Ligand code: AG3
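One chain comes next, on its own, written as structure tokens: the form predicted alone.
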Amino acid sequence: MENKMNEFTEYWYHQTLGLRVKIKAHLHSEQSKYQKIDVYETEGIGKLLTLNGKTMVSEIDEFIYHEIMAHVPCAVARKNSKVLIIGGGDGGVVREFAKHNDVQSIDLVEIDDRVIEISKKYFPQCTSALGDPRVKIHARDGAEFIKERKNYYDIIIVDSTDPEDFALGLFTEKFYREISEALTSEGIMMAQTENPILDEFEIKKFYDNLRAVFPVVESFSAPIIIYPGVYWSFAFASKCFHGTDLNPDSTKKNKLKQIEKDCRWYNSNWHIGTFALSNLHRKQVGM
């Protein structure tokens, strides 16, 4: 919510905590078919995108989320020719996958095409790869799109908003089962899974749903400044590989090392270490 002319505040954890940001300018505001979309120029975190009053992307930390969502599964996958991203209309995850020359196709399925168009205008650093010929944009419901693909994708990323409203269906066992069916026999999926310390959405349910479908389900974390509590968790689910089973192929490892040089957050040492969880994190996700 914008509570003063020069401030934006998002309240979370049952409206008992919040993030307050000083605003220089309110750059854009509209009600799309699906949600309220706003863009702010802020004092401390650069441009900020919010959906229904919730922080989604900021210039100060977008690279963390986007780098790990792409490079973690790519570092593990033995094959990553075909990639599907559900959500992620800001384009940041696409940008990072596009750095891998062995990725042959990227399907971006974003239910609200206005998020894509607004991001192109205000976050061009995120949308820079949307024009890549390997990228196909589908303005559709990801839960419906996934039903049409069987044994097709090597990697699927669920870059969703919180498990509320139209995004609630992206956290169910039924949806995860459809993802599994769309993945190849060595397929990997990843999803954001909220803050395990505050645990406003009972994230163990997400992991229980994943465990009902995938033989390998793990969790890791990264700091995202604009998300509730800063500490953010991610699910890694696979039909055969663990999150720390980095591809041993020397050619692939060398390519990843080259990509790492341009990353601001991701590297393979961090990758291995982030899967070592605290006792609290393990308990919250049921491990």
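Since the structure is predicted, the reported quantities are computational estimates derived from the model, not experimental observations. Numbering starts at 1 and runs along the sequence shown.
Heads up, the form predicted in complex with the ligand isn't pictured, but that's what we're talking about next.
**Q** With a cut-off of 4.5 Å between heavy atoms, is Ser160 one of the residues that contacts the ligand in the model of the complex?
**A** Although the ligand is absent here, Ser160 would touch it in the model of the complex, with heavy atoms inside 4.5 Å.
**Q** Residue-level contact is defined here as any heavy atom of the residue lying within 4.5 Å of the ligand in the model of the complex; does Asp154 satisfy this criterion?
**A** Flag for Asp154 set to no.
**Q** Any of the heavy atoms of Lys54 lying within 4.5 Å of the ligand in the model of the complex?
**A** The answer is yes: Lys54 has a heavy atom within 4.5 Å of the ligand.
**Q** With the cut-off set at 4.5 Å between non-hydrogen atoms, does Glu194 touch the ligand in the model of the complex?
**A** Glu194 belongs to the contact set for the ligand.
**Q** So in the model of the complex, are Glu67, Phe97 and Lys252 all sitting within 4.5 Å of the ligand, heavy atoms only?
**A** Checked in the model of the complex: no contact with the ligand for any of the three.
**Q** Counting any heavy atom within 4.5 Å as contact, can you tell me which stretch out of 146 to 154, 172 to 180, 97 to 105, 186 to 194 lines the ligand in the model of the complex?
**A** It is 186 to 194 that comes within 4.5 Å of the partner.
**Q** Enumerate the residues of 250 to 278 that have a non-hydrogen atom within 4.5 Å of the ligand in the model of the complex, in sequence order, or give none.
**A** Contacting residues: none.
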